[in-house]
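What follows is a single chain, given as structure tokens, in the form predicted alone.
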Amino acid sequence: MTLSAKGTTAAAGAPSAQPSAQRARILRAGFQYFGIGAFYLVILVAFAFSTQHFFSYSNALNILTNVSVIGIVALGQTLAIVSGGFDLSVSGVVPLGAVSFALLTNAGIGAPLAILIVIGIGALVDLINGLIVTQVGINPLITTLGTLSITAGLAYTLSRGVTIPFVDLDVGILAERPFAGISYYVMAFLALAIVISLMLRYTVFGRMIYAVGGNREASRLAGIRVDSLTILIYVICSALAAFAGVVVASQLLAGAPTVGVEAALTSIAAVILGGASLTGGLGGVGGTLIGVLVLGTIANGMALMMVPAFYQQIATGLILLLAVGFGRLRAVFTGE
């Protein structure tokens, strides 16, 4: 009984955790946010001196607008990584969502219903992923890599390899900017960030996600339905990726099978940069938002400096390596 009670408390992340553990979490979070915050400040100063119009409302709005698509994907990726997994298939789900939205609306289906159908398609993809991972026991890397190939292939097949423009441009309503130049999809991104952050911090479901990421077997022994939780997390992740596909299609007023192909790498980089661990149990929406902003700001600053786009991919890879290295350094200082 004593072991069970302790396991339940630890798995649920209850407030009765030992003070030393609480101090360790506070130290860990403080170290991470100080490091990434200082890094972001250095980036801002560097670009401010390197480009003329970097510090302006219009450019800040451009950064926020540009990071919203990958930010939506990264929110779902945060849940997957915190729970101890990850999802590579988002790089196929985003273009599949974009192409599906264009085809549905061109067929006369209204934008709201088309969005729901696309989200449902995305959810179905990771329902399959979740079932394969939990019931068949195939590694998430292999599973999501396989579904990445399938979904990307479907996007090309449905579109026949070409961009599908909207017949009715009004269906791109998410890209409209009703207030201070802020589009509906940016508002949706910020709203989703708030909801997921509150869910992770204040609900039993959120605490179970951290518990499963920290120790799956202990969570199972504590009574958490680990397999069901894992499947649900994958479903949410893919549904958000499909919605991101709708957003990018609304931006372009067309669906293309080539959009979002970098979503997996960039979203994982943002989450890891924000303090999450690929082993699970660490991370949060706040860190992910900072990670997304860092990557978006670097891309924006390099564009203002007329740096070729392919160098941005190199920068993303280097930042991911630095983030992992910083995570190891954090582990040394906080005793993880």
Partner chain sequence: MTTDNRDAASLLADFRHGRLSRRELVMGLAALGIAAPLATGLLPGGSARAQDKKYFVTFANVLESGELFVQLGNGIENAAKVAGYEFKRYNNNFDGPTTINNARLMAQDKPDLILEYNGVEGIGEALKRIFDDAGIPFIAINVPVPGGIWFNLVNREIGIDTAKVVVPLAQAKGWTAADTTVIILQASAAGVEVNDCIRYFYITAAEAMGMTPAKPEDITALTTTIGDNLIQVDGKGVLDTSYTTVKNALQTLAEDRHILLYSINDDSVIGAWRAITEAKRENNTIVAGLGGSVAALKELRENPYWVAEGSVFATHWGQYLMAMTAAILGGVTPPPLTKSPQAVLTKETVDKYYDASGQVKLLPPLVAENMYLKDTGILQKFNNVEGLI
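Keep in mind that this is a model prediction, so the values were computed, not measured. Just so we're on the same page, rigid core means the largest C-alpha set that superposes within 1.5 Å between forms. Residue numbers count along the first chain shown, from 1.
The discussion below concerns the form predicted together with its partner chain, not included here.
- Note on contacts: among Leu148, Ile224, Ala256, Ala123, the single residue with a heavy atom within 4.5 Å of its partner chain in the predicted complex is Ala256.
- Ser159 is the sole member of Thr143, Ser159, Thr230, Ser219 with a non-hydrogen atom lying within 4.5 angstroms of its partner chain in the predicted complex.
- In the predicted complex, every residue of the candidate spot (Pro165, Val248 and Ala303) has a heavy atom lying within 4.5 Å of its partner chain.
- In the predicted complex, at least one heavy atom of Ser56 sits within 4.5 Å of a heavy atom of its partner chain.
- Mapping the unseen interface onto this chain, Ala175 counts among the residues with a heavy atom inside 4.5 Å of its partner chain in the predicted complex.
- Although the partner is absent from this view, Ile196 stays clear of its partner chain in the predicted complex, with no non-hydrogen atom inside 4.5 angstroms.
- In the predicted complex, Tyr311 approaches its partner chain with a heavy atom inside 4.5 Å.
- Of the candidate stretches 196 to 204, 151 to 159, 233 to 241, 102 to 110, only 151 to 159 contains residues with a heavy atom within 4.5 Å of its partner chain in the predicted complex.
- Remark: with the core as the superposition reference, the CA shift of Ala60 between the shown form and the other one stays below 2 Å.
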